[in-house]
Each structure stands twice: as C-alpha cells, then as structure tokens.
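Let's start with one chain on its own, the form predicted on its own, as structure tokens.
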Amino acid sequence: MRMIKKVAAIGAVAALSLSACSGNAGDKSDGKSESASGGKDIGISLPQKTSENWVEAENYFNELCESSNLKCDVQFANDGVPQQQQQLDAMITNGVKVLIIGAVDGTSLGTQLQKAADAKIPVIAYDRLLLETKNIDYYVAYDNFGVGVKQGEALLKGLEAKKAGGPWNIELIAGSNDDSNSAKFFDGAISVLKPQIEAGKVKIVSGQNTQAQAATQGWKPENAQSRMDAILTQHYPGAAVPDGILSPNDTLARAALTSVEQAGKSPLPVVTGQDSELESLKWIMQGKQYSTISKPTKPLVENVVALAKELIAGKKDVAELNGIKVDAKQYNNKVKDVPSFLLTPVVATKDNATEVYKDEPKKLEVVKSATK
C-alpha cells in the first residue's frame, strides 16, 4: 500500500487541537487532576482533541464557568479510555457536585458512573450518549439522528445538481464505533438514502454499506484516507470516481477528498461533512467540499452548564432549558430512556453559508474571504 501523504489540510486540525491548550491538566498522560485540593463545582471530562469543536468546547467551558463564578475542572482524555477513567475517579474522589462527560467510549465508564451514583453526583452526557448504564441523569447534544438525516438529504441534493436524475455511485464513511453518535449519524443518513438505493438510483459500488464496514477508528483522518485509497484502487479503475461520498464530519470529508485528488481522479465527488471546521468552510466556498453541518459549540456548552447549575441548586426533573423542552423518549442507551435536551443542526453549503454563520464572526470571516 502506498504511503499516505500527511497533507496540511487534514493534519492542521489535529496539530492545532493538541497544541491549543498545552497547559491543561487533562493533556497529561498520568491522568492526574489539578483539582486535588477539591472544592470544584463541576468536573468536565472530554475526549481526545480530534476536531475543532472540542477545542472550542474547552474554551467556552472555561469562559462560562468563570463568568458564572463556578469552579470547574476541565480535562481531556487524549490518551484514551484509561486516562478518562482515572480523571473521573479523581473528580469523584475530590467531591465535584456535577459531572459533565463527553466520553471516549460510551460503554467503558460503568465503574466510574456507579461511583458517581453512590456519591449522589448527577451525571450529564455531553454530545456523546453514555451507553448501557442506568447512572446517567441527562443528555445534552444536537439531534444526532437529525444530523444524519440532513447529511443524507444534502448528499442527494448535491448529486442531483451534479448529475440530474442519476443514477449515482457513492461510498460511505462512518465515524468511530466506540462513539455512540456514529451509529446515529449513519442511521439517520441511511434512512434518507435507503429508498434511493432500493429504487436503483443510488449504488454503493464497494458494497461496504454497514456502519461496521464504513467505520473510521478513532475518527482519525489517516484511517479514512487509507480506506478510501483502497476503495478507489479496488472498485474505481482508470478514471472512474464516485459521484458522492457520505462523510460524517469535516475532518474525514477532507481525508476522502484528498484521497481522490492524490489518485488523480476528477471531477471531485459530492462530499458531506459536519462541525463547520474552518478549513472545510474554505473548501466549501472553493467548491471542493459540498456541505457541512452547523452545530455551534457555544449554545451547546451554555445549555449543559445551565443544566448543571440547576442540578447544583438541587432542582430535579428539569423540563426545559432556554426554551428547549426535554425529550424523554428519543434516546435510549440500552438500559433506560435518557432525558435529553436536543439542539437543532443546520446544513451549510456554498449557497447559504453567509446566512448560516452570520452570528459567528470567525467563521463568517472565513466564508467571506474564501469568496474573494
């Protein structure tokens, strides 16, 4: 297999993410917490910094905690599950009042969640659902199945604009199997694509049509690019190229497009994404990537912190946050229906990017500068 070129377009996010907050205790490989003195209000445990939205989340958590006079311990588990387990153990021992968890692996924290329950510490799953446990109180996220639906719709819209009436050859990329969101994204998209597949208008040429077959371990772009390299070699000989590629996020979208470019194939396929990463916004405005999903990190953090404050104050059965009503049935973690506060995602393309990002100055600047 040929070597994968570490192009800047893919690697920039990882490099930025890992260096953005090098002084954070959660970046230390020993997993020890700086909250050893105790007295923290909220323990916030986040996964690896694999995309821009996690770096943004850290910054917003720190800003909002400070402005709310909350003592928060924000840590990342960049070394994976064992580090996250150690960090949570320390937070629980040190007596935090609420835990906010973005899990590396939603099934791996059962022991820590039981300890939290025994200590009567409420647990909020942030962005990623905690699975196979009764010891979770709330879930705050964007509607992940809805994200997948919008990605499927965007793919079909882009394909129709590219080649009216079809038929279209496509390939699928899914997220990491240890991330509970991955299946939601995938299932949402497939719910839209399935009727077109059954009608013969859409064909997955490689035959890799399940979440397991399309998965990208660790959400790592090099894994997605390597898999796409193999698919192109085996199933798209000569000048053949997929009409479209379903990608669950922007980092993997750029990896797929880079694979196609390095194979010397054209035209580029219609490719979806998610997270509104700055590099992908440039690519969208340049016509390389077709779409992304706008899920602003700030309102997500604002809502989860607002919920934490309610729980710290002793309120039970929170039914509404900033106009968002709790959804008691949509998200089952295989043990219980988890009360969820779900924000609404929005599709962004070249045609509507200026409107979508009008309230996000940094992203709007990138959109406008990319069109000059």
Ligand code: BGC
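Every value quoted in this text rests on a predicted model; they were computed, and no experiment measured them. Residues carry their position along the shown sequence, with the first being 1.
Here the subject shifts to the form predicted together with the ligand, a form of this protein not shown in this document.
A.B. asks: Spot the stretch among 324-332, 339-347, 53-61, 66-74 with residues whose non-hydrogen atoms come within 4.5 Å of the ligand in the predicted bound form.
C.D. replies: Looking at the partner contacts, the answer comes out as 53-61.
A.B. asks: Let me test this: is every residue among K162, D243 and T272 within 4.5 Å of the ligand in the predicted bound form, going by heavy atom positions?
C.D. replies: Negative, none of the three is within 4.5 Å.
A.B. asks: With the partner left out of view, is K295 within 4.5 angstroms of the ligand in the predicted bound form by any non-hydrogen atom?
C.D. replies: K295: yes, in contact with the ligand in the predicted bound form.
A.B. asks: I'd like to know if D179 sits close to the ligand in the predicted bound form, meaning any non-hydrogen atom pair within 4.5 angstroms.
C.D. replies: Within the cut-off, so yes.
A.B. asks: So in the predicted bound form, does D127 come within 4.5 Å of the ligand, heavy atom to heavy atom?
C.D. replies: Taking the distances in the predicted bound form, the answer for D127 is yes, it comes within 4.5 Å of the ligand.
A.B. asks: Test of understanding: in the predicted bound form, would W219 fall inside 4.5 Å of the ligand by heavy atoms?
C.D. replies: The answer is yes: W219 has a heavy atom within 4.5 Å of the ligand.
A.B. asks: For the stretch 247-261, I need every residue with any heavy atom inside 4.5 Å of the ligand in the predicted bound form, listed N to C.
C.D. replies: Heavy-atom contacts to the ligand in the predicted bound form: only N249.
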